[in-house]
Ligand SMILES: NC(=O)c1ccc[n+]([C@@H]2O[C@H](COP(=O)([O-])OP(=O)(O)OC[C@H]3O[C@@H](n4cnc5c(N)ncnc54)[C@H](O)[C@@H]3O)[C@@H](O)[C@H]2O)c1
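The chain below stands alone, shown as structure tokens; this is the form predicted alone.
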């Protein structure tokens, strides 16, 4: 028998759940298909467990940075307790709570691996080999996410390397950990495991956090060194071998060798599209899925597939590989699928209800190192490449009274990038303790395109770290005078 639904969502991670929920709230019948754990990468191997690993160390260091509190800190973090707390956030990798939520939302959960067999048709194969045929009367949404990229380094695959999954779920702390990569996963896990007691060596071909403002990577590098992380920047592995003694020996391009109990590879992501049957509908397996702003999948001709029935949300469309951005796309997609199914008006103009306009130039992101890095929109370099006439304003956050009270010797930098022609902020970056709490104000300013003359009237409370906004605006006034 074939089961019919208005919408079938492949992938029950945070993104797929949101697509399904919005459509169900709109009155559509929805099936959610998942081959692993309901809740996906974010719940079990990414956002939540990684931040749980980082939090205890952040709290201890924050206490040590405040006179009167540092005297009360008499020990280091308890690694076993940190791992146990992390386990609690993943429910010990049991998804029964998430399954209950799906059922309560009126969504049918189908366990197994889904493969497209034609337009709006799927076969789902369960773990026991049984199959279920599904048919969508209106739409299919692919929310299968991405997987870690393993670079083609001789011996690496055979050395049983960690990816982000193993790093966030390990039940032990390796005495020595080698990390390959300089992006968010690499620097966050370097911070976490150095705090938990590992001797960490990080190898990166270029600087850290290369896609952000240069000062972000520089400040994070300084902090990692202070934690005892050995940085090998401008270097790269040439060969990896795990010996019979279990030790991983990584030979570097400068002929040096790193020995470690584990090696974490954090060098990028690949789309999880290789075994979905995309070829049956004219698409290429193992490639990212291009979409328009309503998340409709585009064919090789740049137009939606005939019938406008296939959507892709989250990592798999390669627009912004961040959970919150994927959920934003999911809300737009779920709502537009309902509108199209019911023949209702579609609001697909820029910043409309049914589009993910923010993906292009207004993506917020936090890197939970210590200090944290919070950014939104364009870097100074990206704005210049986009042809904008800009003014860049920097300010040392530690000079703000609220920062001085917050942390003794507060070190951090704030930057705004202003489009001079329109007099609006197009990018902002903050680096420092707890700057993630400044990010949403910057996001509102960028997304809302708030004119600087109006933003001037958004008075920051005193004494808070938010007073840096006043100093940034004053700095722009001096530069543009």
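Numbering follows the first chain given and starts at 1. Since this is a predicted model, take the numbers as computed values, not measurements.
Only in words, not in the display: the form predicted together with this ligand, which the text now covers.
Within 2.4 Å of any backbone or C-beta atom of the shown chain, none of the atoms of this ligand lands once it is superimposed from its position in the predicted complex; the pocket counts as open. With this ligand omitted here, the record of contacts in the predicted complex names 200-208 of 338-346, 403-411, 200-208, 377-385, defined by a heavy atom within 4.5 Å. For residue 266, a non-hydrogen atom is located within 4.5 Å of this ligand in the predicted complex, even though that partner is not displayed. Contact between residue 390 and this ligand in the predicted complex is not found at the 4.5 Å heavy atom cutoff.
This ligand in the predicted complex comes within 4.5 Å of a heavy atom belonging to residue 181. This ligand is not drawn, but in the predicted complex it has no heavy atom within 4.5 Å of residue 422. Contact check for 151, 185 and 365: all three have a heavy atom within 4.5 Å of this ligand in the predicted complex.
Think of it this way: in the predicted complex, this ligand has a heavy atom of just one of 73, 119, 321, 126 within 4.5 Å, and the residue is 321. Residue 51 is the sole member of 41-58 found to place a heavy atom within 4.5 Å of this ligand in the predicted complex.
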